[in-house]
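Below you'll find only one chain, the form predicted alone, shown as structure tokens.
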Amino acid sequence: MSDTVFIGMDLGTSRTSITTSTGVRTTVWSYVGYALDHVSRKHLGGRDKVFGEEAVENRMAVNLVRPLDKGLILDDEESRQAVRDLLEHIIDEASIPSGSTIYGVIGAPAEASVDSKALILSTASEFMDSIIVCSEPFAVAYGLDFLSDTLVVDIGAGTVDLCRVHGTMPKPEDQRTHHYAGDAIDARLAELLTKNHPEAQFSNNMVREIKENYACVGTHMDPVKVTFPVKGKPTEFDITAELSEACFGMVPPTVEALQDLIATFDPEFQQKMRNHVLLGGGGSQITGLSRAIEDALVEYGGGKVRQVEEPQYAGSNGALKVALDMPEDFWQEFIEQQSEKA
């Protein structure tokens, strides 16, 4: 009988991370680049496709596909193929022994539809023997053993997912999602730069890099000065105000969703939950974000907000823990269902 390997995966709009029971952890940007012609293939060292950061770096020589939007697979043939290739690549990167039985848990946005989850399951089932799709913020909480009176905010590129955790599997009413996430910050920053510095030339990739290097909210942030070409000449711009405004745009919808989850919970436990807000996901690394959310919660009675350690792997680590704790009967039930469909 083959050995069983358990994996946890955070299938994200911007990055996909995997953690395995064999001790491997790896992450890749959620991009796939396909060679455009024979010259492109030669440039890529004879490969037909490249992944992640390498794909982005070679975007002028490939058909660059970002197949996930708001944490879900785009519903077109190109995106479905790219997700399939991305999953195959990251599982290969995890160095799972050949012939292993693979049981996996994949994190998805909190309010993902049944159809979206089904698409993730059907794509991943080519590479895993049995699969669970669970809420991304719940996976974060589960991995950290915060299973009582906790509000988890998982900030990705496509969505901000919130989950109310109170000692049981979350129900739909325990979860919220909004879309002012990393991509929305990029779009807003680009809009403000175009408006305030119309002479500057920049790409979407340059805007994303600025956000990832300097993202900050608050009135006391350090000056952010960057260089953009103007008619081909490198020119320095102070974009402190634009970056702060773009990043702060995440705070109001997040606080609104948090307050909604608090206000609709048992009143005896509302204060405890308000004082245990946990930020995860790549966006949780925005400097000053925890403080800004705490400040905004003051008018609702206050709150305590803190960031998880290792935000890049909090989701996949938690998904792995869910997988390891899942009864064997569940995995077998999924396998039997797949056999019946075949």
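When you see a residue number, it is the position in the sequence shown, counting from 1. Given the structure is predicted, the values throughout are model-derived calculations rather than measurements.
The protein also exists as the form predicted in complex with a small molecule; that form is not presented, and the subsequent description refers to it.
Of the residues given (Q285, N63, S40, N58), Q285 alone sits with a heavy atom within 4.5 Å of the small molecule in the model of the complex. For the options E88, E212, E256, E111, the residue carrying a heavy atom within 4.5 angstroms of the small molecule in the model of the complex is E212. Within this chain, R15 lines the site of the small molecule in the model of the complex, having a heavy atom no more than 4.5 Å away. Contact annotation for G158: at least one heavy atom lies within 4.5 Å of the small molecule in the model of the complex.
Although the partner is absent here, E242 is not a contact residue: none of its heavy atoms lies within 4.5 angstroms of the small molecule in the model of the complex.
Heavy atoms of R208 reach within 4.5 Å of the small molecule in the model of the complex, making it an interface residue. Exactly one of the stretches 143-151, 229-237, 176-184, 197-205 approaches the small molecule in the model of the complex with heavy atoms within 4.5 Å, and it is 176-184.
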